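Okay, so we've got a single protein chain in two different forms coming up as structure tokens, structure 1 first and structure 2 after it.
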Structure 1
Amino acid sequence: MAGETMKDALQTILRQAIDCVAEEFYQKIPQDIGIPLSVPPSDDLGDYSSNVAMLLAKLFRTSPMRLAEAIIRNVKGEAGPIAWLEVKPPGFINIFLSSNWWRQRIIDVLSMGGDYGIAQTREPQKVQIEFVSANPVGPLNVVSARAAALGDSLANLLSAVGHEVQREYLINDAGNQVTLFGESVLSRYFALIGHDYPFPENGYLGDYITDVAEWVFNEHGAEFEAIEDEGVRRRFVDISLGRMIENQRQTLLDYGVVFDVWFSERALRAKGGPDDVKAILKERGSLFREDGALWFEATKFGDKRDRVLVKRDGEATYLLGDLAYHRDKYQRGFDLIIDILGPDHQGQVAGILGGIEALGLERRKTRVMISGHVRLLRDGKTLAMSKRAGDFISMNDLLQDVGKDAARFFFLLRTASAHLDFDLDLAKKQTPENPVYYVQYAHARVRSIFRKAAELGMDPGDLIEADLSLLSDDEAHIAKRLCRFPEMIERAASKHEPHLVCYYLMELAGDFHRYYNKTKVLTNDPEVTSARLALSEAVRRVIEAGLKIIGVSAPDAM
């Protein structure tokens, strides 16, 4: 069923039935009606359920119950997976799939290998996701860690449903903060080579500045002594900056995140990006001068106030650079541009989107997501952090402390925009309170069963050949969950909500843990054992696939 989920199939079947009923009632139904399908609250209400009769009753001038009855009379599903249908007041159509059909789906999982849940969408899009994009003047912090988990998982999800995804990191390598960073490092560096150099006002105080200075000194010695020379100074700053960027890249790599493009803002400026934006906006009549500054008439494009693009001193503002950047993205031909911004950037969203529109670009191609605040808790208390003073928990510290798997999983446990309390003690605990281990343990348990089987000299044979009809209804219930994996992936991808993956995995792991405690997989009956091993292996593969999407490892043993 590559590319088509169970839901799609059922919708088609219902649609056909409704068309038949429409003829019966001499009614035309609009083409664009959707057929809502949901999973009912309990198993005795069916495997899927639709309220479509309640929605169409008025149109058909009949009661929801009568319409629902008429629809199920017209369902032709003899050969299909539908076992029977029921109508329940006030007009639900409940669909029961045959238990045997569910069991057979285990084969799908096993035969599709790592591709289970990976479907081709109807319209593959070229998508760009830009995230993290932290200033290269310091180590990444925990907010970046959250954005990284979010962006990378979302990218994985969108790829999984067939989009072509590019991960991009914008390097803010132009501007004041870079100068300030350079001066800060320079001061430490000069101390190392035995000279005085004033530490800049509002300079960066963190230890990492000294680390960078030491690194430069170790690599290049006193080579930058002649700092008065503009060329020497520029090289010093570039080298220091490069070191910092490399540091960030390494941290992200440790986190399992690899960017396809590292986009330099400086290069964009050199290409004249900001000038082009000014020219276009001027031509379109969206600029004006006031108080010696150049303004963009953002209020005409949905912003609540106008925005400065070029300051009185001739310097470009952040917004101008960002508009140039977005224009560049549009020129690169993406169908969808996703920006994941930190919570402190929410104030500029209206300006960016307004500017995009003012440039004559399709505003709706850009989707801005705000990744929420992160508050770290230790011993039940909030950790205060100050970046300028260099007193904060970096992303590196976090990875050292709780590890990549716990960090990524915890960040995805909340919806993207909500504030998040990250309990460092909990994330470290190797106890059932910690959901990461719960899921990983289920995976390791399956591996363990197979190890045991081998130890006992059992030959499970080719699992695809297993006689799945030997499985019980309890086991079919797990197969149902497996079938919903592709639906969940599609939903998570289209809604841009990677956290759904975590919740699905916790439920599937729960199913398996319960099963494991209740049922022995390895038995004296080779046929039953094979069938149970097939189910277990299918569970393992789905857990592995789900964990892969959120960038968490699937251990063989714990």
Structure 2
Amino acid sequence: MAGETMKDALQTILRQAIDCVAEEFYQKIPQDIGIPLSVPPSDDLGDYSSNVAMLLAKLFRTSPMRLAEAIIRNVKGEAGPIAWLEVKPPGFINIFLSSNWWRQRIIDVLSMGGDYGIAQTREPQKVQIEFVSANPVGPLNVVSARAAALGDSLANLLSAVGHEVQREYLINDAGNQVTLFGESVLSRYFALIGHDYPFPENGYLGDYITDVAEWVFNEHGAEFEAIEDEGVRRRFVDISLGRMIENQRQTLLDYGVVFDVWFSERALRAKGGPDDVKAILKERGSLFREDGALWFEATKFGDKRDRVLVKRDGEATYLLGDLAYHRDKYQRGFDLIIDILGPDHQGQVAGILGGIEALGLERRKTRVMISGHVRLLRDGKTLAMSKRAGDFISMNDLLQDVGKDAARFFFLLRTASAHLDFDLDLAKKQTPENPVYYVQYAHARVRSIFRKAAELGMDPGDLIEADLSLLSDDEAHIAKRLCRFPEMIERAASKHEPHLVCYYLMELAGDFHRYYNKTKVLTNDPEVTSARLALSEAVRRVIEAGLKIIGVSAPDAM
């Protein structure tokens, strides 16, 4: 990142000191040596701590304690953000920030607003994130909702730090599932026009199939009565499928997710994408035939077993389509391709990545993330989620039940691949138990403080000019949390971990609520009031910025 975070500044200072110690000990250390920094569990152990002396002690042929003492002795007299350092057994270097440094961060937040903490990357990339990409044969479900929250928040993060990001949705509009969907809708449609049409075995049940059939009937009447005509049948399926895709698009829009590209698998097949893949793999010696099927020698590229590309009946497998799709992505010139796949796709990752390599493409340019399983709970009981049986909670149902903000926040409360229990009852509570309410209420509480100040006729003046030396140790703790916002954004973006934003916001909100409950912000002393309002406003702005990243609103009142 081009901008310097607190960790960057401290690591530079320690690195310079270590270089001095290396000369003293006549040692040469690697230029890329890492300097770990962590936040200690309590303030009396410093604001940051490093175990770098323990990591380098063997190289320096000395004890960690002696090396740590030598390092802090070589820290320059005016070390920017550092007030003092101390060494603790068995060789930790504890770092205490200067008050001037954290006070300046409050001023930075107030002066920079939404730009605070957003440093531009040194190496901007053209990034494509493909996510959701659900079969267009039914409403989006809660697994898709989790993937949407993850993909959209990650796109926001990467865009914020300077990458060019494209959000893409693959429409799986080819294959047996589309045929089965069309036959299911046809059966309901013919019932509406007074004719019998057999419902397909293993067809899609559920009210949404009837809803699509009714929509087609209302828009087109009995136009498709002559369904025996292949052209009429094809048009009926296209119209029905288009209705479902439009429903999915609207659901995502209600969720705050807008895709830049909706990519058709059928169009990819029409222009010969799968045939091109077969030709390239054949030319590179990575195909073989067995039992009438066409196989890809995936074991040569790290997979546990070889994979079928074309079945004995001539039907292409999902893998062939996936490889054709990824080849198309590479041809579009992306520097980084991120696929967010559902939990049932875990077993396909090795085949996709191996196929990319077999096609002669750079495997390292593709990263596959798995969005973990979701279990919905209500009254402590698990809710069913079977799309084909028609007995499931759709993404629309979820949004109507708990709202966009709670849904997005809750889906980011765990790492991407972790199993997630979504407690619907908790998501609707307006109590501190509900994490999204807890964070949003901190933002609204600051707004309320300023409204109260206005009612009392208080004029805090220009908050940037507030005397921040009047802030206490408790207030310094909050300010230091603000200092760590830029490094959290940097880590979340570089590691592709938007859940870190939620973790940070919950910690900051907790700090502020505890502070508010024991400290009177509006006092009889105008200068103290102004300082506390400056801190409060800085907290609000950082919470607002963090919520924006994850696509959650920052209400002024609750």
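Predicted model, so just to flag it, every value in this text is computed and none were measured. We call the rigid core the largest set of C-alpha positions that still match within 1.5 Å between the two forms. Every residue number counts along structure 1's sequence, beginning with 1.
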property: Structure number of the form predicted on its own; result: 2
property: Rigid-core frame, C-alpha of residue 145, shift of 2 angstroms or more between structures 1 and 2; result: no
property: Flag for residue 251, CA shift 2 Å or larger between structures 1 and 2 after aligning core; result: no
property: Rigid core fit then residue 403 CA moved by 2 Å or more between structures 1 and 2; result: no
property: Between structures 1 and 2, C-alpha offset at residue 293 (rigid core aligned, Å); result: 2.6
